[in-house]
Ligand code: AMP
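Presented as structure tokens, the chain that follows is alone, the form predicted on its own.
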């Protein structure tokens, strides 16, 4: 089945054709580990995971690389402000040393990996850390300098974008008449407003030795160096959030293509934001929700994953706990409960599987693919319960909702519910049918006091022990 993906580089859907037959090489811009990831950040990694699973479902052998940025990203796209890791040291009252920076990075890297695990995201094959690749950064910068693409000013070495006429081609960024202070601030010594740091000199002797002095690699050079080391150049797919398009990813393209004379990646794919109200979720603001916050509020990380899958990765999403809770109680747990009641031993239905591949082949249309699950559940003419279970579980190899394990867990939890709690649930359901919501709420509170929770799913009330 053909796989068509939206390529930001060309602005259209294109059939995926890898550089090596049967192999897909993918680089995902990973987190800057100066704080906990928020659920908006995590959309990028759910998207990348679905992409990987789809490629594998289509028979490709995937090599997935996701970097960990633990040095080099400044607080401004205009090469101003502190390194974000330095910002973390200040926030946590740590000494300004490289070992302290590593210690902080270790804390947030482990937290990020736990988030990936909670969201059932497959572990990337490589997760290189920027601070372990200073040598590769310096080698790449030397190449750019030797080829005349770099120049030095008082605070470091910069890339001369005037030497790369195609700058801004990703996303068709209009650079004509770019004004100072618009997105990238002008530093008086820079030749052009859009020129960017290759090596930033340290103002406090914190950093690494280099031919240009003690300092840090630029954020952009790190991704170029690491992606080339682990995947070669060009590789097949580069992903990230849409906020990376104007600066970070155009900078990667400019320096990598200037250094080596070939494309960095053939496909560039970008996910949209998760918004709180009218603005995107951001660590710098007050609208910062972590996965742990959802868990503490009784929302499963897999419910958030389901919520993301119900929309195209290229569609902005407005987040609310109420919406995700509805997904959990009325869709996700209903699905788990239904599957737990279906027997094993079925076969995957070819007709539905073909439709599934067709939906995913249309730029990862997970919303359409999920709709097939409900079509299967409602199909009483063509599928046995066994075949329904087998087909849906096969789809879940891409959805990543852990349906088989969660269905088994839910069944075991349900079977172990004490009779008195089951009786309360029946009494509560009767109260709801009679629209006696006051009594219904009182019974729910009593059930929760006993250490259980009751959820109203499409297939009836569901009781389980609190996690």
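If you're wondering where the values come from, they're calculated on a predicted model, not measured in any experiment. Numbering follows the first chain given and starts at 1.
Here the subject shifts to the form predicted in complex with the named molecule, a form of this protein not shown in this document.
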* Residue among 424, 417, 410, 29 with a heavy atom within 4.5 Å of the named molecule in the model of the complex -> 29
* Have a look at 363, 272, 145, 387 for me and say which one sits with a heavy atom within 4.5 Å of the named molecule in the model of the complex. => 272
* Asked: Is residue 310 close to the named molecule in the model of the complex, meaning a heavy atom pair under 4.5 Å apart or at it?
  -> no
* So, in the model of the complex, is residue 73 in contact with the named molecule at a 4.5 angstroms heavy atom limit? -> yes
* To do: Flag residue 40 as yes or no: does it have a non-hydrogen atom within 4.5 angstroms of any non-hydrogen atom of the named molecule in the model of the complex?
  => yes
* **Residue contact check: residue 126 to the named molecule in the model of the complex, 4.5 Å heavy atom** => no
* Looking at 86 to 94, 243 to 251, 258 to 266, 318 to 326, which lies within 4.5 angstroms of the named molecule in the model of the complex, counting heavy atoms? -> 243 to 251
